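Quick heads-up: it's one chain on its own, the form predicted alone, in structure tokens.
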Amino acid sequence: MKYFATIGDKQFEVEIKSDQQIDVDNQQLTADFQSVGDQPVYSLILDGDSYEASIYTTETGIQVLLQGQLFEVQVEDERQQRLRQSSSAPQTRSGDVHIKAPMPGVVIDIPVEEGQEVARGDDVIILESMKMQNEIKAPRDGTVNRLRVKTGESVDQNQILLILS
């Protein structure tokens, strides 16, 4: 699985090859990453060099304290990147839009209801997948025509979540 980590204005492509092999921007590294107790502290051994990192999840991303420096990191996997890129595509102005699940998961929240007007970029479904919450956003302005799921429901990839008119 590939991940894209953004720190400031730099983006890094990270591919996990095996339990201890990763590629960072096509550079192969040996890595061991383990949690230390019940704290948000992790042991990282990268190509034989040992590091200790504190990692905190925030509303805007991940904060990593490493060697006395605090980094704000945005991480998305390939599916999330495709979803973000597709939601920034040109708007479709007419007709129904079927908003589908980009991955299998569980519907955590539905912050809209049928008949509600939404703007492009508004959260319409919160989907949990692989212990991460994913905000599914309206691809354009419109009206929620029909909700096809309920909170707590498990969904499959590409299952229609709602119809936007």
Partner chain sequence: MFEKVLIANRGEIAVRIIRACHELGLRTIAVYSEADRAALHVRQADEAYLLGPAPARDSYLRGDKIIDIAKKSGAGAIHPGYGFLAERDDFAQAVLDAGLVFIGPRPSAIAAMGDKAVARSTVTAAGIQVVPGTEGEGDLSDDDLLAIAPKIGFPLLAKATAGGGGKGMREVKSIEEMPGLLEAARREAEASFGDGNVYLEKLIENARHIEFQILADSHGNVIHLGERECSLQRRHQKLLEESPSPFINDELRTQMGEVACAAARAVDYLNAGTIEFLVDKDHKFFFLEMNTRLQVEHPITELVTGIDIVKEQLRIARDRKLRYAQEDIHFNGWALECRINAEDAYNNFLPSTGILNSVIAPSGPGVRVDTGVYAGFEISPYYDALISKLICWGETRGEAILRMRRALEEYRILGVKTNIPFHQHIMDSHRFIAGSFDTRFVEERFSMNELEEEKKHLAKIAAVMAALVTHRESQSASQIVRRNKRDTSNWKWVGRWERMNR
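Just so you know, these numbers come straight off a predicted model, no measurement behind them. Residue numbers count along the first chain shown, from 1.
The same protein also exists as the form predicted in complex with its partner chain; that form is not shown, yet it is the one meant from here on.
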Answer for Q157 alone: is it within 4.5 Å of its partner chain in the model of the complex, judged on heavy atom distances?
yes
4.5 angstroms heavy atom contact with its partner chain in the model of the complex for P111
no
Taking its partner chain as it sits in the model of the complex, is G68 in contact with it (heavy atom to heavy atom, 4.5 Å or less)?
yes
Should E52 be classed as touching its partner chain in the model of the complex when contacts are defined as heavy atoms within 4.5 Å?
yes
Partner contacts in the model of the complex for 2-32 (non-hydrogen atom within 4.5 angstroms of its partner chain):
Y3, A5, I7, F12, V14, I16, I22, V24, Q27
Classify the change in Cα distance between V106 and I16 in the model of the complex as closer or farther, relative to the shown form (magnitude of 3 Å or more).
farther
Comparing against this form, do S129 and F12 have their CA atoms pulled together or pushed apart in the model of the complex? The difference is 3 Å or more.
farther
